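What follows is a single chain, given as structure tokens, in the form predicted on its own.
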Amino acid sequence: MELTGIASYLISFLTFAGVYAVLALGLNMQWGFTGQFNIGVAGFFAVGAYTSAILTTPSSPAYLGGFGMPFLVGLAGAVIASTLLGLIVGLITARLRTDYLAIASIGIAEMVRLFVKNEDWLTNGVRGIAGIERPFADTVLDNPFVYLVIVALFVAGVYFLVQRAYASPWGRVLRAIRENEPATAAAGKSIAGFRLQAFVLGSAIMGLGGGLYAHFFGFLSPEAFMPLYGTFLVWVMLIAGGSGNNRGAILGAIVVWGVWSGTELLTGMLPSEHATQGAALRVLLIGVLLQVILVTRPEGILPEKPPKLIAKKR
């Protein structure tokens, strides 16, 4: 029984880490590649999760749904919805820089969360959406380990595509914009266009992470998309792992989620009179971890290593 409990915990841990790895890869597309300071990750995370849930859950008189679509259709809907939101937000904020983009993006994310919280006809409000099934429901493959494998395959697929984009001429333009925007503009590149492309693609990946989260957890409520869980942790994962490095984004997700889960065990041992301070202590410990990494390894655990250019033989 003890071994079974440990195995179940590890499967749950790795699945959550995989979901956050997808979110970190999406943020890396925006911040690591192009330097876009998006503090609204939770908004795209929520849109992807709720879209997939609405498309795949059975009929309910409490909220919009009942489409009963397959798992992959739900994920496709999550990606499309997040892409459309990213396009709208990107068109509005594409010319904003650093702190202005951060203020605008976190405001939009809060608008999304409050919309989800108050529009009962669409999302069932604070009561949330329950009964979100995993793929292969009611079959022998309907178990957490199979879903872990599915999440791992999506992480590998997203990593492959993002890594190819990073090494492509398109990715080199993004890095050039990040390092020296005036010089890139002087070379004839459309700064706003490339920024918009990176922002939309990153948002789509975050929506995919939201869909994977919804089908693993099986229940959605607005509290799951608070800035602490949907934005702050993702940023810590990317910065700790190595901004601009896709492997670092995945490693950061595993390490930081491990620390976050470990702090839950530690705070659970606190006396009952101090239990209310447990959540604040967890955030403090994550902050201390980030400070240690920034002091000892300013570029993250796995620093960015741009691909080497191979000269063509003549």
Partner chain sequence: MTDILQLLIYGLVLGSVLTMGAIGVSMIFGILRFAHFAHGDFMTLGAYLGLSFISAFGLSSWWALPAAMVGMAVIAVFIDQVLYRRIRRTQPVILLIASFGMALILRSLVQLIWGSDNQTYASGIQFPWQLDWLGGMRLKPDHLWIMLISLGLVAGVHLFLTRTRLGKAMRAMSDNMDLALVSGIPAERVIMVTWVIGGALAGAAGVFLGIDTRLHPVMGWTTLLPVFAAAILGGIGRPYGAIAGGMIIGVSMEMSTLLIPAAYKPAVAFAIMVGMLILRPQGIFKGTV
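Model, not experiment: these values are computed from the prediction. Residue numbers count along the first chain shown, from 1.
Just so it is clear, the following notes concern the form predicted in complex with the partner chain, a form of the same protein that is not shown.
Student: Would you please decide whether V73 lies within 4.5 angstroms of the partner chain in the predicted bound form, comparing each non-hydrogen atom pair?
Tutor: Flag for V73 set to no.
Student: Is it the case that W31, even though its partner is missing from this view, gets within 4.5 Å of the partner chain in the predicted bound form, heavy atoms only?
Tutor: Flag for W31 set to yes.
Student: I'd like to check something about N118: if you look in the predicted bound form, is any of its heavy atoms closer than or equal to 4.5 Å to a heavy atom of the partner chain?
Tutor: Within the cut-off, so yes.
Student: Classify L290 as contacting or not contacting the partner chain in the predicted bound form by the rule of any non-hydrogen atom within 4.5 angstroms, answering yes or no.
Tutor: L290: yes, in contact with the partner chain in the predicted bound form.
Student: Given a 4.5 Å cut-off on heavy atoms, tell me which of 97-105, 182-190, 143-151, 208-216 is the interface stretch with the partner chain in the predicted bound form.
Tutor: Of the options given, it is 97-105.
Student: Looking at L161, A167, L114, A130 here, can you tell me which has any non-hydrogen atom within 4.5 angstroms of the partner chain in the predicted bound form?
Tutor: So the residue touching the partner chain in the predicted bound form, by this definition, is L114.
Student: Using heavy atoms only and a 4.5 Å cut-off, determine which of L266, V283, L64, M69 is in contact with the partner chain in the predicted bound form.
Tutor: Checked against the cut-off, the match is V283.
Student: Can you confirm whether A7, Y9 and Y20, the three residues that make up this candidate site, all sit within 4.5 Å of the partner chain in the predicted bound form, judged by heavy atoms?
Tutor: No.
Student: Going through 36-53 from first to last, which residues have a non-hydrogen atom within 4.5 Å of the partner chain in the predicted bound form?
Tutor: F37, I39, in sequence order.
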